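Presented below, as structure tokens, is a lone chain in the form predicted alone.
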Amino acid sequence: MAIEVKNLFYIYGRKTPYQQTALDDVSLTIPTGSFVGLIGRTGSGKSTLVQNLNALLIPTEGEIIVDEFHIGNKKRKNKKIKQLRKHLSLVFQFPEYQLFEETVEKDVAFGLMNFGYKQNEAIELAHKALLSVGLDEKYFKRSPFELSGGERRRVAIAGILAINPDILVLDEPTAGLDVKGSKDIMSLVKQMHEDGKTIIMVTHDMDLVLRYTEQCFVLKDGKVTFGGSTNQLFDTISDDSAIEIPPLFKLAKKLKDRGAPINIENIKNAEDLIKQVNSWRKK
């Protein structure tokens, strides 16, 4: 298993008048190579959870096991954090706001140099990472502040890819992007998953959850209220739930309720539904 979270608690402002429990006895398992969604309302604990996964925040109680790495509230369990963050990397919401170097290649190489790479090697790896996200040589020497929002998001992701983590956590990866920018970023994320990386995506966009994730966890008030396959979630929640059912899935459910032999578990996009409907009509 890639990640195992055991009885995790995280309390902000502990032992102060402002104490607030953000994570309340959270336990979950994320298998190696999976594409997982973390969903829930703002303030449900999603961002706090992912920041605990690579020890940006240290658990108040409980334990996280990320392959051979252990994260707990005792110092002896928090060793090798630098290696952990190379193994599991987090891309924050609006990561382009963190760009600061004078050129794109230097920005991507910055993280590598923090991990001990020499400058020439870091630049070479930065170039490869930029090419992998669709930014060719004409971008290498440009200022990141001259780029569009979608291009800057690609630079930020390239900075993580250059490190080559095995697990990638994305917090609202399409926030603030137009339709084309969102599609381009998610195509890139999908390719990373197909290349063998474990992907954990925090998002409010249920269409993205349906289309890309295999399983998901729902958080509410710091607790996990659902853990299972994505399509199972959308098939069991009601229309008045706080979680919005994607329109495509609603249509598939209505067809199924009216007698159409629709396999809900196999619906990820419009093409899947059309294929099933056409197959049914030909019978």
Partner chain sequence: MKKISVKNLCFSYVKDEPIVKHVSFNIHEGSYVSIVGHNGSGKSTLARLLIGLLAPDDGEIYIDDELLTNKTVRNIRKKIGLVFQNPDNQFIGATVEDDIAFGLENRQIKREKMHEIIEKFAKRVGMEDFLDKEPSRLSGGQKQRVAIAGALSLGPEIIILDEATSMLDPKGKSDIKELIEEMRKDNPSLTILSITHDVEEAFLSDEIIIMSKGEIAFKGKPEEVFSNREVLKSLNLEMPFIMDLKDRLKSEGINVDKSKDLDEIAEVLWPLK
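Keep in mind that what you see is a predicted model, and the values were worked out from it rather than measured. Numbering follows the first chain given and starts at 1.
Here the subject shifts to the form predicted together with the partner chain, a form of this protein not shown in this document.
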Inset, instruction - Would you mind picking the one in N73, N114, S148, S187 that has a heavy atom within 4.5 Å of the partner chain in the model of the complex? - result: S148
Inset, instruction - Have a look at 187-195, 132-140, 170-178, 101-109 and name the one stretch with heavy atoms inside 4.5 Å of the partner chain in the model of the complex. - result: 170-178
Legend entry - Exercise: N266 in contact with the partner chain in the model of the complex, heavy atom 4.5 Å: no
Legend entry - Exercise: L248 in contact with the partner chain in the model of the complex, heavy atom 4.5 Å: yes
Inset, instruction - Examine K128 and determine whether its closest non-hydrogen atom to the partner chain in the model of the complex is within 4.5 angstroms. - result: no
Legend entry - Partner contact for T236 in the model of the complex: the partner chain, 4.5 angstroms, heavy atom: no
Legend entry - Three-residue site E244, R258 and R281 fully in contact with the partner chain in the model of the complex at 4.5 Å by heavy atom: yes
Inset, instruction - Check each residue of 199-213 against the partner chain in the model of the complex and list those with a heavy atom within 4.5 Å, in sequence order. - result: H204
